[in-house]
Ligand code: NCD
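The data below hold one chain only, encoded as structure tokens and taken in the form predicted alone.
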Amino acid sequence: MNPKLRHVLSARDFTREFIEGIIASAAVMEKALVEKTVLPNHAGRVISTFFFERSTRTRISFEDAAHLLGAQVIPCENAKESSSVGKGESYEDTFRVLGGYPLDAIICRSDKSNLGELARFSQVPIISAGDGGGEHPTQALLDLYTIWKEIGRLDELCVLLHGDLQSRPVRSLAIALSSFERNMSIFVGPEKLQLEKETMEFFFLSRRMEVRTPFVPPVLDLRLKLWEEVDVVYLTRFQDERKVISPEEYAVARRDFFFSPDKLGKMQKHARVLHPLPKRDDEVDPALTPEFDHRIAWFRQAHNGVPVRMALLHWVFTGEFYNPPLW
């Protein structure tokens, strides 16, 4: 990471120490929120949320996190139409302008995988809130925080990543898990939606994490012991908007990789099911809710976004974690 600007652009930049520091800080922040005790005061700080794609969880939790820390927020929703990009201004010039304003951070969701390039034009930190078809690094941080809270560890995990494996939350979480020891990531999804070769090579080179990439035919899916072995199942929605495969192929993928109560029933009692949301009807049985089974953790996962993003903003503003990590 750039020590001066502290951009947050990719989970590849995360170290174990950084992740543990953010998690420990987020735990302190969450406790303070629950108990209504003192939070760090960042009055006078200003951030901009600049979103080229739609968002609920990421944008609102970042803006809430900033307000809770005393910072001001300048939002730009639907930036593709509402900003001067809609008039033809280049992304590069937009960030030359934004990055020259007296801001303390720009939280950006891009519709292109270009934030690494755009960061070169900014004089203030850029935090990726989703980078086109690339990564979603802050989602990975809240996913790790959720796993740590729910299961109690981030080492020696068996994590099944299931569905559209080219989604940015899958990519960032899998990369972040490789910062820990003796984890196993199992990628199960349609043959045409597997992770790209370059990311798979990163895992093999890291040598910290075992990776399995079976293409699991749906007929055999329930016969395997796969569901009995996992600590975490990470589901994803199939992203029609990326147009990686045809609409007909997406329909088949949703059917073949549907997550049902039968699969949940095979999982261990301590295991958890996560989903970055927003939409889950097409790949998850609607009956599966936290009320149905406590192992369904995706709403608790979404709510963890506020303390995690508070901890991250504090680090971006100061270069320090909030309270020394008690790890």
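Numbers for residues come from their place in the sequence shown, where the first is 1. All figures in this text were calculated on a predicted structure; none of them were measured in a lab.
The protein also exists as the form predicted in complex with ligand NCD; that form is not presented, and the subsequent description refers to it.
Interface membership of Ser82, ligand NCD in the predicted complex, 4.5 Å heavy atom rule = The answer is no: Ser82 has no heavy atom within 4.5 Å of ligand NCD.
4.5 Å heavy atom contact, Ser128 to ligand NCD in the predicted complex | Although ligand NCD is absent here, Ser128 would stay clear of it in the predicted complex, with no heavy atoms inside 4.5 Å.
Check whether Lys266 has any heavy atom within 4.5 Å of a heavy atom of ligand NCD in the predicted complex, and answer yes or no.
-> No, no contact at 4.5 Å.
Contact flag, Pro169 vs ligand NCD in the predicted complex, heavy atom cut 4.5 Å | It does: once ligand NCD is placed as it appears in the predicted complex, Pro169 has a heavy atom within 4.5 Å of it.
If contact means any heavy atom within 4.5 Å, which of 111 to 119, 131 to 139, 183 to 191, 96 to 104 contacts ligand NCD in the predicted complex?
-> Going through the listed ranges, the match is 131 to 139.
Candidate from Leu277, Val46, Ala32, Ile60 lying within 4.5 Å of ligand NCD in the predicted complex - any heavy atom = Of Leu277, Val46, Ala32, Ile60, the residue with a heavy atom within 4.5 Å of ligand NCD in the predicted complex is Leu277.
Of Gln72, Gln239, Gln123, Thr199, which residue is found within 4.5 angstroms of ligand NCD in the predicted complex when only non-hydrogen atoms are counted?
-> After the contact test, the surviving option is Gln239.
Can you name the residues of 292 to 308 that have a heavy atom within 4.5 Å of ligand NCD in the predicted complex?
-> Not one residue comes within 4.5 Å of the partner.
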